[in-house]
Every structure is written in C-alpha cells, then in structure tokens.
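Heads up, the chain below is alone and in the form predicted on its own; it's given as structure tokens.
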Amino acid sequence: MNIDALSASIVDGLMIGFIYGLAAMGLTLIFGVMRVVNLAHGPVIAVGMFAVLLLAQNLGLNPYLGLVIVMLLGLATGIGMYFIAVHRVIDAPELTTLLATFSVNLMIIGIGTVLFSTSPRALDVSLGSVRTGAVTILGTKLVADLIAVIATVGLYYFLYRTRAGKSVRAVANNRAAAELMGINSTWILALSFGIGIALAMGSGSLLATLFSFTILSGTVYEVKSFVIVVLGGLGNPVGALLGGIVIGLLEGLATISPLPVGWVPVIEFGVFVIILLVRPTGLFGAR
C-alpha cells in the first residue's frame, strides 16, 4: 500500500470527521435533554447550506461571517420549531414525537424543493491549501475543523460553566426535580432544541463550503449523524465529535481499500449494528 496515499486518506478522513461530529452534536444534544429523536435533522442541515449560499449571493457576505448569522437564525428557528411541533407532544409516547419531527422533515423538503428545485448548488470559497510532505490540506477544511472545535468547546463551556447550561443539565437529569428548584423547564427545553438546530444549520453551512449540495443532501448527513450519535454515546456532545472523527477516518480509509465506494455506507451501518449489540451506550458513553 502506498504510504503517501494512506497518509492523505487518513488526514482527509480525520478532517471531515470533525464536521460530521458537529452535525451529530445537535442531534445528540436534543436527544440527551428531552429524549426526542429529531427526524428533521437532515433537512435542517440542508437549510443551513442554502442559508449561507443566499447570504453570500444576495448580500455578498463572507460565508464564515454568514455562518454566525445562520447559527443565530437556527437558534431562533429551533425555538419556534420546538413550540410549534414538539412542546405539546413532549410527554407523549416516543412514536408521537417521531411523527411530529418527521412531519417537519417533509415540510422542509417540500418547501425547499419548490423554492430551490433539486439542482446541485455550490458555494465558491477558496482559502488556498497547506502542503505537508505528500499531504495537501485545503484551507477550507482547516477553517471548518477549527470552527467545529471552537463550537464544541463553546458548547462544553455553556453546559458546564454557565447558569443556563447547568439548568439544561438539570432538566436532562430530572425535569420534575429541576422544576421544583425553580427552573422553567419549558424554556430550557426550547433553548436546548434551538441550540441543537443551530449546530445542525452551522454544520450545513460548513459543509456547503466543501461540497456541492441540494435540498436533499441533508439526508445523507442525517444518516451519518445517527451512526455517530450511537457511536459516541447518546446524549454526549463531546462523544459525538469523537464519533464523527471515527466515521471520518473509516471513510478516509475506505477510499484506498479495494472495496467500491458504494460499500462505505454498508461499513458505517455495520459499525452501527456492532456498537448497538456490543456496547449500546456507545464507545464514549457511560457504562
């Protein structure tokens, strides 16, 4: 095996893994706090892609400045989505919340298809590249990874060092007890859902700087996010980042294996099933 090709594949896989982890982080945060599986996760990622594209094309905003605006819009959108689609069924059986978020999924895809069709779009971003030996790293990937790490550190700081973050953790642990302590669980749940959507839209914006996309592109990343969430441990945002790195590494290695590219999803779901059977709490989850 060519060592240079192996090194390049490992580095490329690791770097895309950081962005996969950021995408999964929003999904696992929502599940960890309110035990809701957000089936609108993929379309929300696609909305982030188109949002940063529209800001760049219509307002001339730098995509990385647009990313900040997209995440703020995602926070507001997520809070609104929670009150419209989730709040009234939060204590209903799991199937009800699944159907609620799946309905949002279909609505976003339907509206997005009408507005943008399913033609591929691309965001023209170039930040040069860095070459180390035989490995060439695109500047866009370096910046995307840096943003993903900053977002992870920021989320960790929010959850463990701020009053609102501690309230989120309290509600996740025991909502009834948190309410007895004076915490408004409704707004905490809405805030958590909003942050989860903001992270998903932010990851979509970063992915838009790397790949072409359509309104249906989010489905691919949603599937990867479910695998990553299980791998990293349900409700563990840091585990999601680590799980994303593992999946990215697997994809990178798959590109130089003799297997056809079409086998990559099979490998990922194979990992998904094995983790569920051997360690249901995930590689980085609590035992």
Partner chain sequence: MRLLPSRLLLLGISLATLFGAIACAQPSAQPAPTPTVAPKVATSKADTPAARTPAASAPTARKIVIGFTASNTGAQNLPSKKQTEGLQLWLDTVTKAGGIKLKDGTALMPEMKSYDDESKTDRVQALYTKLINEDKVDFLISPYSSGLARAAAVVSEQNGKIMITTGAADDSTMEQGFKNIYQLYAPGSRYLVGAIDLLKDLDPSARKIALIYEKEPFSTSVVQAAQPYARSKGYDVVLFEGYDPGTTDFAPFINKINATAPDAIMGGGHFPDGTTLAKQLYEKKVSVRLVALLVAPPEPTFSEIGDAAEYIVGPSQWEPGVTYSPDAAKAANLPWYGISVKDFVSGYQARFNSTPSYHSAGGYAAGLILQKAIEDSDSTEPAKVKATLDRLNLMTFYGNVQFSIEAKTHGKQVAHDMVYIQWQKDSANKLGTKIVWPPAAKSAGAQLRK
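Positions refer to the first chain, counted from 1. Computed from a predicted model, the values in this text were never measured in an experiment.
Unshown form predicted in complex with its partner chain; subsequent notes refer to it.
By the criterion of a heavy atom within 4.5 Å, L146 is excluded from the residues contacting its partner chain in the predicted complex. In the predicted complex, its partner chain sits beyond 4.5 Å of every heavy atom of L283. In the predicted complex, its partner chain sits within 4.5 Å of a heavy atom belonging to L259. Proximity of F50 to its partner chain in the predicted complex falls outside the 4.5 Å heavy atom cutoff. Partner contacts here mean any heavy atom within 4.5 Å of its partner chain in the predicted complex, and among 189-197, 147-155, 71-79, 127-135 they occur only in 127-135.
When contacts are defined as a non-hydrogen atom within 4.5 Å, none of F18, L29 and V246 contacts its partner chain in the predicted complex. Residues T113, S117, T118, S119, P120 are the members of 91-120 with a non-hydrogen atom no more than 4.5 angstroms from its partner chain in the predicted complex.
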